[in-house]
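So this first bit is one chain, no partners, the form predicted on its own, shown in structure tokens.
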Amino acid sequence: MNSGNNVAHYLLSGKDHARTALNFLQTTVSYGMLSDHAGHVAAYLLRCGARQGDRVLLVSDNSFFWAACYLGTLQAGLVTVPISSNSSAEDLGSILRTTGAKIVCVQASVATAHSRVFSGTHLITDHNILPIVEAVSQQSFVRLHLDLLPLPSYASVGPNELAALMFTSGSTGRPHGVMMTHSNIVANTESIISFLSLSAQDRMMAILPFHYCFGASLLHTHLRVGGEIVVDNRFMYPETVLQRMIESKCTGFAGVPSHFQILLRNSSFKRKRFPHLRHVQQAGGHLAPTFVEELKQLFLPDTKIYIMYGQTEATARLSYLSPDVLETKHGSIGKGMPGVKLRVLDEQGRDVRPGEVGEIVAEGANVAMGYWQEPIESAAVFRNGSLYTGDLARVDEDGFIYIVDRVKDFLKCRGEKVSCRQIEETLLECDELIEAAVVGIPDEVLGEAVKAFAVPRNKNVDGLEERVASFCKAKLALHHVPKQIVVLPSLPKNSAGKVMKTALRI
């Protein structure tokens, strides 16, 4: 046991206290300030009676409050449980019961809106609000700094002790609490820093929520190297984010597919210039090849494009496609990142031959321990130290991996397995669309037919269904052509920007 294993110590120790860590719209936070406030949070959590290993719920938008509470929880040797501030009262109550959390760090708007959910808990709010009578105790973030001395040290932890419960997105099913250890986070952070060659000179634009593993990885990597995170929660107004990227001289940008689709087809992204932008990261789902081509035309050769693949169960990232082979390995997710071994296995557990399809299986120090209080689900996904991802893929002669689709995202049309992803890729070749999603519906003849949801880039949608249907008929096999096409102003997404197909299937 030693404090060096503690993620908070790993991220904050040895930094120049005067250097900017977090850059917000109205203020900046130095490494010294961040470390100091995290220490105050840690001291207060322990004063509330928390013991090492206890869970602390963190419910907030990206903010100084979020970062200090996250790091303070880890510093105290407690387990952080970050969830979206948009969570319903039902979801908040369910996660509180499931995790047994007795302390909640929560932004004031959520605490006020769902006060009854927090009955019997100790609350830390981002600013002063009226007393919530159901709470055992209540304190504001500002008062912590005035009333307490910061915890002077970091809790000693073993490398395999829990650091966080990160809940999966729930985009294809019920969310699971992924048990991440201190060593999981350190291992994944080191891998990402290595292949991105990050340094203290890097300045990342963070539009992804920190409660999402991809967003958290941006925080981890840039704090570790002593870089700067520019935080902007206004992506619904993309022009403001793009302008801030330019003004703050960002060297990095990261997003999920929906972010890039909106930027490329519904903003001035292509007309702007980003002279300081060194790299772009895309992960969190499959970005259709047509959009990757648009990114290449926009950024190469000056800005490197990293196509990455990962899962919450792997702490964040599993693979990346090197920018050097972006042209020659079109559509690939690359190979395992440093410290990660990726294999594609058939149903007998053998490595597939080039061109054959199997399941991606991962090994590495970043693979989580399992799902919180879900032994059956854990046993199915985490086997003998390996992560069975549920993603089907093929490999080429050089060992590069190409995802075919999620196991759960195939339709069975006329007895044939049909990939939703391939139909979605074709739909997005239609330049009238920004986004598209495909689900299955019952059909007496086919067994299952295609239902497509399409988001237009322009407001004029007269006759769009017919034009999209004609486009599909020219591009797809007859039984792959959507039986129904529904035009929507946007697709339902979670707080990380990932499409929620569960909502489309209702």
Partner chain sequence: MLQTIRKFVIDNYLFGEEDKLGNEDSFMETGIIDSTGILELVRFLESTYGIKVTDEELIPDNLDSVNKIVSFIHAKQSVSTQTDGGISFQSAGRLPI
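Note that the structure is predicted; figures quoted are calculated from it, not measured. Residue numbers count along the first chain shown, from 1.
The form predicted together with the partner chain is left out here; the points below concern that form.
**Student:** Note which of S194, S268, S153, Q373 lies within 4.5 Å of the partner chain in the model of the complex, where distance is taken over heavy atoms; exactly one does.
**Tutor:** Exactly one listed residue reaches within 4.5 Å, namely S268.
**Student:** Only one of G32, G440, G447, P456 gets a heavy atom within 4.5 Å of the partner chain in the model of the complex. Which one?
**Tutor:** The residue from G32, G440, G447, P456 that makes the contact is P456.
**Student:** Only one of these stretches, 158 to 166, 135 to 143, 258 to 266, 178 to 186, has heavy atoms within 4.5 Å of the partner chain in the model of the complex; which one is it?
**Tutor:** Only one stretch qualifies here: 258 to 266.
**Student:** Would you classify L149 as touching the partner chain in the model of the complex, given a 4.5 Å non-hydrogen atom cut-off?
**Tutor:** Close contact is absent here: in the model of the complex, L149 is far from the partner chain, nothing within 4.5 Å, heavy atoms only.
**Student:** So in the model of the complex, is the partner chain close enough to P238 to count as touching (4.5 Å, heavy atoms)?
**Tutor:** Yes, P238 is a contact residue.
**Student:** With a cut-off of 4.5 Å between heavy atoms, is L387 one of the residues that contacts the partner chain in the model of the complex?
**Tutor:** Output for L387 is no: heavy atoms all beyond 4.5 Å of the partner chain.
**Student:** In the model of the complex, is there a heavy atom of the partner chain that lies within 4.5 Å of any heavy atom of R244, even though the partner is absent here?
**Tutor:** R244: yes, in contact with the partner chain in the model of the complex.
**Student:** Every residue in I434, P489 and K493 with a non-hydrogen atom within 4.5 Å of the partner chain in the model of the complex?
**Tutor:** Every residue of the spot touches the partner chain in the model of the complex.
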